[in-house]
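Just one chain follows, in the form predicted alone, and it is written as structure tokens.
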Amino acid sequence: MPALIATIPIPRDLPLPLPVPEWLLVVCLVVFFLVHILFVNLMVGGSVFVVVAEWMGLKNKRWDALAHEIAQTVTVNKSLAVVMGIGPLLCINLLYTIQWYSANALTGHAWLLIIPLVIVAFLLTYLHKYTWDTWAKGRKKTLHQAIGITAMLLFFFIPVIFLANVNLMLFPSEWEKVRGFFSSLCIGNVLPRYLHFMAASIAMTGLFLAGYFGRKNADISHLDDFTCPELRRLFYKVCAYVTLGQFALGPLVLFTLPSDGITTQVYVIIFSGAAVGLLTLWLLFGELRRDDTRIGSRYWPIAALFSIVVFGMGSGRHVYREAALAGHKAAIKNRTERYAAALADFNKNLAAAPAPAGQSAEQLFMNCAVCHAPNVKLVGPPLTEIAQIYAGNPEGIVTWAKAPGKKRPELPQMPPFNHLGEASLRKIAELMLEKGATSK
């Protein structure tokens, strides 16, 4: 532990209670994050399919119609990705407060740019979708394509910021080397993880669209020359071949992971997920060999196996994160405990100090002004609130100041001030009541 403290920034924590049990936050973090990332995958992958299909539509109009249909799903998945992102963000704030906000600060302007970049990407996506019948079919076709490509590129870039941030929080030992966003990309294995994420986005979107166009009530009469089996086969093929590529990218991600969080449990989870992935891949290629009347009959088993693989990846990621941060979290806890002990000693010595003599009420109140403002809550309640509680009862304030308890769990306990003496505390109490009454 001493060596760790000497080489890594170790801030002290605020020992505040969690609103729910920690295990529940962990479960919520894993589940909420996976739901969020699913819709992010569909949003990013959908934007790629739209751009590619619209480009192919320059030579064959049926692809343009398909691109328009896929564009309808992108805006819906975009909205769900945003809504579902709130849960994991709140959970990670509570579980890894210091590491998360440290990474936020170190990535600087890029992290602050996420919201305006997301807004611009969303507006461009809606503009691309709702100008299809006017711009895409007229002289503004090039402009329409440019809008779609710009939105897609923004969807490509925004996850890089998130990945850099989430990755950076895992390696406190590297924080002092970071000089902004671009230097944070050199920490850990951001690039392999990003490539894995992009491939997953294409594969998951392919599987989603295979189900979307293969559902029983799917109306594709407006899609020239396409049939449901043809579309299902097309998107199954994309999903299958990209998933096959994941078996090359997966080991790249694994073997470029810094060793900080690698444990036997991580290996077990990852290789178990890979085994289920192989079974999924076998079913996918089996579907491609089926004729048009039977293709799609195994869609839900394939989707279920994909879900198991994704859940395993999410669980493995959390196990790695916990192992990587175990030493840092222990060091923070140790430093917080040492700080609390030092504060207790300070308060004890303060209580034993001789009482000051000949000071005015205003001078004596300086002992309290750090924590108590006239009408603003600081560390302790404002004077307006104290005046309400102890109206006409300065002795109650004196009694409390000599032996304070702890009424508010979210605030630190007030140290005793009996070293000031009864007379001085009486002066302070009367001034507090006077200031509290006149500050309303």
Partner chain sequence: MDFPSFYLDHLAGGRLIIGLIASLHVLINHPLAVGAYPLLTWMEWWAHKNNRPDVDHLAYRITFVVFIVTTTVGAMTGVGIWLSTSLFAPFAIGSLLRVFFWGWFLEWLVFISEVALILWWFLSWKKADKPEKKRKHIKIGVALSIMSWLTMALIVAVLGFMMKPGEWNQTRAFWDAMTNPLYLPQLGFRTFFAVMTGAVFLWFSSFFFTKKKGALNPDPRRLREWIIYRLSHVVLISLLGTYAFGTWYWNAVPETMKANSSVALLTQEFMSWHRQFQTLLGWTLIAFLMVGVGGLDRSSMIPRWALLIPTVLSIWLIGHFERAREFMRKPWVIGEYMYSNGVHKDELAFLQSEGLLKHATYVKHREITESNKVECGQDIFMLACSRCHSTTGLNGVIEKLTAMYGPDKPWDSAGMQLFIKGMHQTRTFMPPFPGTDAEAGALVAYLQQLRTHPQTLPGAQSAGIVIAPEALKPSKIADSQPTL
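Positions refer to the first chain, counted from 1. Since we're looking at a predicted model, the values are computed, not measured. Note that the rigid core is defined as the largest set of C-alphas that superpose within 1.5 Å between two forms.
What comes next is about the form predicted in complex with the partner chain, which is not displayed.
Peer 1: Would you mind picking out the stretch of 222 to 230, 170 to 178, 304 to 312, 190 to 198 that comes within 4.5 angstroms of the partner chain in the predicted complex, counting non-hydrogen atoms?
Peer 2: Stretch with heavy atoms near the partner: 170 to 178.
Peer 1: Counting only non-hydrogen atoms and a 4.5 angstroms cut-off, does L281 reach the partner chain in the predicted complex?
Peer 2: Result no; L281 lies far from the partner chain in the predicted complex.
Peer 1: Although the partner chain is absent from this view, report whether I115 comes within 4.5 Å of it in the predicted complex, heavy atoms only.
Peer 2: Flag for I115 set to yes.
Peer 1: Indicate whether Q246 is a 4.5 Å heavy atom neighbour of the partner chain in the predicted complex.
Peer 2: No - in the predicted complex, heavy atoms of Q246 and the partner chain never come within 4.5 Å of each other.
Peer 1: Is there a heavy atom of L420 lying 4.5 Å or less from a heavy atom of the partner chain in the predicted complex?
Peer 2: It does: once the partner chain is placed as it appears in the predicted complex, L420 has a heavy atom within 4.5 Å of it.
Peer 1: Does the trio L14, L343 and M366 actually contact the partner chain in the predicted complex, every residue with a heavy atom within 4.5 Å?
Peer 2: The answer is yes; L14, L343 and M366 each reach the partner chain.
Peer 1: Could you spot which one of G211, G273, G327, P159 gets a heavy atom to within 4.5 Å of the partner chain in the predicted complex?
Peer 2: Exactly one residue meets the criterion: G327.
Peer 1: Pick from I86, L143, A218, V268: which residue has any heavy atom within 4.5 angstroms of the partner chain in the predicted complex?
Peer 2: If I apply the 4.5 Å criterion carefully, the residue I get is I86.
Peer 1: Looking at the partner chain in the predicted complex, which residues in 78 to 101 have at least one heavy atom within 4.5 Å of it?
Peer 2: Sequence-ordered list: K78, S79, L80, V82, V83, M84, I86, G87, L89, L90, N93, L94, T97, I98, Y101.
Peer 1: Return yes or no for A65: a CA shift of at least 2 Å between this form and the one not shown, with the rigid core superposed?
Peer 2: Superposed on the core, A65 moves its C-alpha less than 2 Å between this form and the one not shown.
Peer 1: Would W400 count as moving between this form and the one not shown, using a Cα shift of 2 angstroms or more after superposing the core as the test?
Peer 2: Yes, because once the rigid core is superposed, the C-alpha of W400 moves 2 Å or more between this form and the one not shown.
Peer 1: Any chance the CA of L411 moves 2 angstroms or more between this form and the one not shown, core superposed?
Peer 2: Result for L411: yes, a 2 Å-plus shift.
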